[in-house]
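For reference, the chain that follows is the form predicted alone, supplied as structure tokens.
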Amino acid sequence: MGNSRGPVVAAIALAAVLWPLARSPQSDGFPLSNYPMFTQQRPAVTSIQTAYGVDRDGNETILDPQKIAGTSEIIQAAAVVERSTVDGTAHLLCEEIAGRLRRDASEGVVGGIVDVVVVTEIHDVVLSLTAERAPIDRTEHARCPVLP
């Protein structure tokens, strides 16, 4: 009597290996993922919402997540800025950031920042990775002084 389970196991293994080929490229989930967030075609331009600190000479410094949203999480801080630009509360976020910077200044942390600005910038994805980092377009949603 031969082993009849071998061909069955081999057929199941082959079907499991070939199964992803029959799935839609947009299909994502357990037990297999084709990581569509990395494999889908991306646009050539993207918008980025962020906050800058502005010094007396007008030079801008990107603020860290702690200053922006009181967190060390970059994605969380980005979501806070984006939400404020979408729902029209960027001026409130700007004041919160300025308050955090004022507190730092009162504790002796000097950064030379006199204003906070909350912006949406449109960037060319490829050019932003080169020396040509300037945004294609920029919308200022709020500007507020750090020291009244």
Partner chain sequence: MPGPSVIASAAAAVSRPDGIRRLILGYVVLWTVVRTSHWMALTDLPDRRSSPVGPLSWFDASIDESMVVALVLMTVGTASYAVLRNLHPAPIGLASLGFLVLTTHGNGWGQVLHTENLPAIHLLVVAALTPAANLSRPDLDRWMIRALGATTVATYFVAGVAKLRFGGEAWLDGETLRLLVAHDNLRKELLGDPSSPVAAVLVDQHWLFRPAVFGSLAIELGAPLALIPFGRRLLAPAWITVAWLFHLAVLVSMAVLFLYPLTGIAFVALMASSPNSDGADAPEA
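Positions refer to the first chain, counted from 1. Small disclaimer: the values here were computed from a predicted structure and weren't measured. By rigid core we mean the largest C-alpha set that fits within 1.5 Å across both forms.
Omitted from view is the form predicted together with the partner chain, to which the following refers.
The contact residue chosen from G58, G99, G29, G112 relative to the partner chain in the predicted complex is G29, the criterion being a non-hydrogen atom within 4.5 angstroms. Using a 4.5 Å cutoff between non-hydrogen atoms, M37 counts as a contact of the partner chain in the predicted complex. Residue contact check for V117: none of its heavy atoms lie within 4.5 Å of the partner chain in the predicted complex. Interface residue remark: A44 is counted as part of the site for the partner chain in the predicted complex, having a heavy atom within 4.5 Å.
Not displayed here, the partner chain is kept clear of T85 by more than 4.5 Å at the level of heavy atoms in the predicted complex. Residues are counted as partner-facing when one of their heavy atoms sits within 4.5 Å of the partner chain in the predicted complex; in 44-80 these are A44, T46, S47, I48, Q49, T50, Y52, I62, L63, D64, P65, Q66, I68, A69, G70, T71, S72, E73, I74, I75, Q76, A77, A78, A79, V80, in sequence order.
Taking the rigid core as fixed, one finds a CA shift for Q66 smaller than 2 Å between the shown form and the other one. The Cα position of R42 differs by 2 Å or more between the shown form and the other one after fitting on the rigid core.
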